[in-house]
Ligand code: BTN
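Shown here is one chain on its own, the form predicted on its own, set out as structure tokens.
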């Protein structure tokens, strides 16, 4: 018995005894208990009672590649080079990196869980099974790294477009690659993250591997482990989030359309939308990096997606390195 088999049996949210689960899987109750513990250790909130057995606090949907593809407009699904769903990877982006030139343009990998998911500056990305979305997309470009300025900001806009298509509001963008839930105009917690990694030539053919993590369901334990304010789609909609396969389909479809737009228009095609959702513009912020620290007021971004900050002495700074920490004060 594998943990994914057990999670699939519990996914509808109904209570099942250890005896029933063992019979369904053709294993012993001890084997069921072992897999229960593995899933709990990975962050799945499996509840247990002597009278009712094992149960999730709410139903969840296992990712299904065929269902995701079927939910996409055929014209967008036809563009995909691959659409794969894995139970476990170290990282969806790392797997695409390993495939290198063998990976087709617009290859999409999703994983139910990651053992070494990562965010910006090498920070770990918590990836419990069955609760959220972890996916990566490979997109090839012909004009080199120089043409990809502002790509991570454009991806943030693309994620918000996917949420808008699902009728979900209440999120904004924090330069360079954070998706934050908002209360009015103030961020209340991290909703998702974006990691763009480039390979290839500065002025020739290159590829971007775009990793996206999006929180659909967070438990209290996961919120504590995150070490920072967090939020999820369930909170934004005030109840159950949309079906995970539906969210995946909308997000992948938005990626196809958005990356095609970026290829032809660059960041210019996304600048107005980014400005509407920019959570740093007009806010007092503190920046810290290898070259030092200073305070100022966010002044938007320039045509290449660099952060503009008006320092306290009036000087306008352009920040184009992601290796800097930015926080609102």
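Keep in mind the model is a prediction, meaning the values are calculated, not measured. Residue numbers count along the first chain shown, from 1.
Another form, the form predicted together with the named molecule, is not on view; read the next lines as being about it.
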Q) Out of 70 to 78, 204 to 212, 240 to 248, 140 to 148, where are the residues with a heavy atom within 4.5 Å of the named molecule in the predicted complex? A) 204 to 212
**Q.** Every residue of 114, 118 and 136 near the named molecule in the predicted complex, heavy atom within 4.5 Å
**A.** yes
**Q.** 4.5 Å heavy atom contact, residue 178 to the named molecule in the predicted complex
**A.** yes
Q. Residue 130 near the named molecule in the predicted complex, any heavy atom under 4.5 Å?
A. no
**Q.** is_contact(residue 190, the named molecule) in the predicted complex, heavy atom dist at most 4.5 Å
**A.** yes
**Q.** 4.5 Å heavy atom contact, residue 230 to the named molecule in the predicted complex
**A.** no
Q: Sort through 108, 158, 171, 194 and report the residue having a heavy atom within 4.5 Å of the named molecule in the predicted complex.
A: 194
Q. What are the residues of 72 to 94, in order along the chain, with a heavy atom within 4.5 Å of the named molecule in the predicted complex?
A. 91, 92, 93
